[in-house]
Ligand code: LLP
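In the form predicted on its own, a lone chain appears below as structure tokens.
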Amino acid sequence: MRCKNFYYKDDELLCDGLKIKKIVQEYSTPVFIYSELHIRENLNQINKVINGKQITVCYAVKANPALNILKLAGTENLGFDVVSEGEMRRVLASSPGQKKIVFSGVGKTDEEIRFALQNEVFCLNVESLPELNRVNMVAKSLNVRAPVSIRINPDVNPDTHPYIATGLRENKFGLSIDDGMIAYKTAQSLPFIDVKGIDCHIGSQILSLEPFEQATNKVLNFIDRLIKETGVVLSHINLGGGLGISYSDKEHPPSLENFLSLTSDIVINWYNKRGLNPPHLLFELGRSIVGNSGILVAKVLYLKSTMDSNGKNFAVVDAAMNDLVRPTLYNAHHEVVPVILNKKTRSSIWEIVGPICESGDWLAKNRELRLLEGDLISFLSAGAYCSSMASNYNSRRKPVEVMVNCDGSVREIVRRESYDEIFNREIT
């Protein structure tokens, strides 16, 4: 089991002591179920590492934008990494009080830049020279100076899926070393730009510390050159995130503690050796905080066996690619386990598929399971990039999401969509 908060007792799957079957009886399927305890334990681990240090960890809202999860992050003094006005509005709505927000993304609109500046965003992570000039123009219209970081692309291979690698030369994100230097020199000449820091993010679901170490050293080499050529003094360094989680027994990612300690120590030691005061450090973490906190539970509708020796056995469930798109999009692996172990049923190899009219609508392939029609199965490690990527394809309603609280109670945090909610934006 990828997360100790989900476990079997008497052949029945539980979340922090509460029976999954009981939750399903109240909320039906498909349903996302999250462990508040798991999230809080990860947040406590982060706070333990950064206590007394000039470090801010920003929760990557795209991982799971549920307001209740944002509220949890906010109460633990995390900042937030957003990539759209909508995500920023979610952060602002999640709870009262000042929030440290960094705004990333390659395609910020004028409206989004204006909204960010009006709400006193901590920093805009600028990813191109045209964007830098656009930010200056919008800031001029508001008569404010925009706090910016320049995102550097260090050309480091994070050894992850190409769709979630962001720090290679061929990726759309950030600026090369040479273009980045031009951007900083240009920023010095723009009257409504306030250069605050430097930003770097090399990808997601990274399972080794080596790419982070390489990227950090490349950023520091760039800063050394930046100081010599421009005299710019940075108030913060944003080293991004992308720390992976275990989706299977084959994956053994570093701990949050090791990730934060290694990268921050490299920076602090580099500055100390030069007799300089280390700047504030920022990190952007999402998957490693919430990824293993959640599961998606579905019901087996039909078992379709093929008599042909070359055929396959299909388990058709009531969840689909619109609920869990990662497998067909990334060929991602989610462990699949039954909610109740049925040891009397013969095991078979199953392709687990959904009701959507696409051959790409599969959730798991070649899984050995003991299944009967009507059984409940759980897709593990579904806390990140699952509900946040859900859609209404085939006019399907998005699933309900519930949280198992630390006190053992359950609360609904995102209700299942009604059909009226799907239709009400349309004009007839």
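Because the structure is predicted, anything quoted here is derived from the model rather than measured. For every residue, the number given is its place in the sequence shown, counted from 1.
If you look for the form predicted in complex with the named molecule, you will not find it shown, but the lines that follow are about it.
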property	result
The named molecule: the contacting residue among 196, 326, 108, 99 in the predicted complex [heavy atom, 4.5 Å]	326
Partner-facing stretch of 218-226, 130-138, 235-243, 116-124, counted where any non-hydrogen atom is within 4.5 angstroms of the named molecule in the predicted complex	235-243
Close approach of residue 204 to the named molecule in the predicted complex, 4.5 Å, heavy atom	yes
Contact test in the predicted complex: residue 379 vs the named molecule, heavy atoms, 4.5 Å	no
Touches the named molecule in the predicted complex: residue 285 (any heavy atom, 4.5 Å)	yes
Close approach of residue 389 to the named molecule in the predicted complex, 4.5 Å, heavy atom	yes
Check all three, 62, 81 and 385, heavy atom within 4.5 Å of the named molecule in the predicted complex	yes
Partner contacts in the predicted complex for 330-362 (non-hydrogen atom within 4.5 angstroms of the named molecule)	330
